[in-house]
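First, one chain by itself in structure tokens, the form predicted alone.
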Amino acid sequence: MTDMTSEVARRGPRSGARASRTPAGGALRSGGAPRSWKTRPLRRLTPWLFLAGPLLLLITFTYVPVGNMIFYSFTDWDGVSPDRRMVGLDNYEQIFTRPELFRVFFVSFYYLAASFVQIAIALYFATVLSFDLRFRNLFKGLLFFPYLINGVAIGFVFLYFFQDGGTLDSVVSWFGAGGDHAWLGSAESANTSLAGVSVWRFTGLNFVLFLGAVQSIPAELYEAAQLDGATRRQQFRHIIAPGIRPVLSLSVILAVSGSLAVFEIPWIMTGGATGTQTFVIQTIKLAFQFNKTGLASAAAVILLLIILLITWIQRRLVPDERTDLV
């Protein structure tokens, strides 16, 4: 009798498991309701249904235009006629062999230098305003406000700011340097002035990125550093700088790519005159003013490849590693 009872107890769960299935083969849920065979495929399909819309928009408005641009770069299309004659690598050869087409890349060095200036300014204010300071919220708003203004409005404001006898000349005259100065009259002074406008506009963006990264560092680290007698400079060197390294790397990538793709400010203020023409302005003129869409597409492809190459080199030199400050 004891052996029979133990055998029933041993085989009981198996028979119970078989009894818990419906005649149709569907498993019973904990509440006793049978699970439909449609439930599992629908559950696997649900994430793709949510991703279908964004993926469709991404493919339609990003990857398809990029593919068309690459195709047009191998043609002599004028942007209007339906005929697109294939010319191979002739457009790319023109860009690298005609100095007037490739020389505009040197204008980007002004904006690249200005980008590092704005990163330094933003990092300084983000570090200072991360500590307890009077009116720090007011200073945060003042620094971020220029980034909220439309680029066209900024261009017109600084166009009057730099004109002969304008606001800047009036301010300079207060310090005894009278006379009208053609700030946008020569290539060097015009590019320097336009780069200064970009510093004023985009410092707020870098400031917000750095401030968020600095404030994400645990407060216990600052308290421990103060107990050990660390100065503000030592706290920045050993706590803040390692903690914001990923954000700093991102800012450098944005600075390099942004300096190569400058358009709004020089286009509105000078139209590319007096040696201020950037690579993007030249590309737009080739496409819509001279009707050389194929050559302009090749220029755009080269710009894209240069940005991707610089980004890849930077990510290899400065990998995105998480820093443990504890």
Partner chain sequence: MGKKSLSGVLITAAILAVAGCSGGAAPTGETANAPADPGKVSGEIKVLTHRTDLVQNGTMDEYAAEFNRVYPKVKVKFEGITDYEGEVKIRMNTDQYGDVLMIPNAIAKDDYPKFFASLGSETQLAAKYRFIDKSAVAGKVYGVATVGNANGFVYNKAVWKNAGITDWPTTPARFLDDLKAIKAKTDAVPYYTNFKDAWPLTSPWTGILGSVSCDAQASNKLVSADPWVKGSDLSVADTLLYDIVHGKLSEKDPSTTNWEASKGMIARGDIATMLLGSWAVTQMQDAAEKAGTDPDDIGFMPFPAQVDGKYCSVVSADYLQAVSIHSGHKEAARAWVDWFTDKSGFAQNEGSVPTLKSSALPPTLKPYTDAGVKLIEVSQSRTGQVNAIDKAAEIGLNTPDYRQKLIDMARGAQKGELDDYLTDLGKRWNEAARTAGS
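These numbers come from a predicted model, not from an experiment. Numbering follows the first chain given and starts at 1. In this text, rigid core is short for the largest set of C-alphas that superpose within 1.5 Å between two forms.
Separately, the form predicted together with its partner chain exists; it is not shown, and the next lines address it.
Colleague: Any idea which of 156-164, 130-138, 251-259, 205-213 reaches within 4.5 Å of its partner chain in the predicted complex, heavy atoms considered?
Modeller: Residues of 156-164 come within 4.5 Å of the partner.
Colleague: Among Ile119, Leu112, Leu184, Leu221, which has at least one heavy atom within 4.5 Å of its partner chain in the predicted complex?
Modeller: Exactly one listed residue reaches within 4.5 Å, namely Leu184.
Colleague: Only one of Thr97, Thr231, Ser81, Ser170 gets a heavy atom within 4.5 Å of its partner chain in the predicted complex. Which one?
Modeller: Among Thr97, Thr231, Ser81, Ser170, a heavy atom within 4.5 Å of its partner chain in the predicted complex occurs only for Ser81.
Colleague: Examine Arg44 and determine whether its closest non-hydrogen atom to its partner chain in the predicted complex is within 4.5 angstroms.
Modeller: Yes, Arg44 sits close enough to its partner chain in the predicted complex that at least one of its heavy atoms falls within 4.5 Å.
Colleague: Taking its partner chain as it sits in the predicted complex, is Phe288 in contact with it (heavy atom to heavy atom, 4.5 Å or less)?
Modeller: Residue-level check for Phe288: yes, a contact with its partner chain.
Colleague: So in the predicted complex, does Val280 come within 4.5 Å of its partner chain, heavy atom to heavy atom?
Modeller: No - in the predicted complex, heavy atoms of Val280 and its partner chain never come within 4.5 Å of each other.
Colleague: May I ask you to state whether Trp48 is within 4.5 Å of its partner chain in the predicted complex, using heavy atom distances?
Modeller: Looking in the predicted complex, residue contacts with its partner chain include Trp48, since a heavy atom lies within 4.5 Å.
Colleague: Counting only non-hydrogen atoms and a 4.5 Å cut-off, give the residues of 257-277 close to its partner chain in the predicted complex.
Modeller: Stretch hits, in order: Ile268, Met269, Ala273, Thr274, Gly275, Gln277.
Colleague: When the rigid core is used for the superposition, does Ala52 move between the shown form and the other one (threshold: C-alpha shift of 2 Å or more)?
Modeller: After core superposition, the C-alpha of Ala52 moves 2 Å or more between the shown form and the other one.
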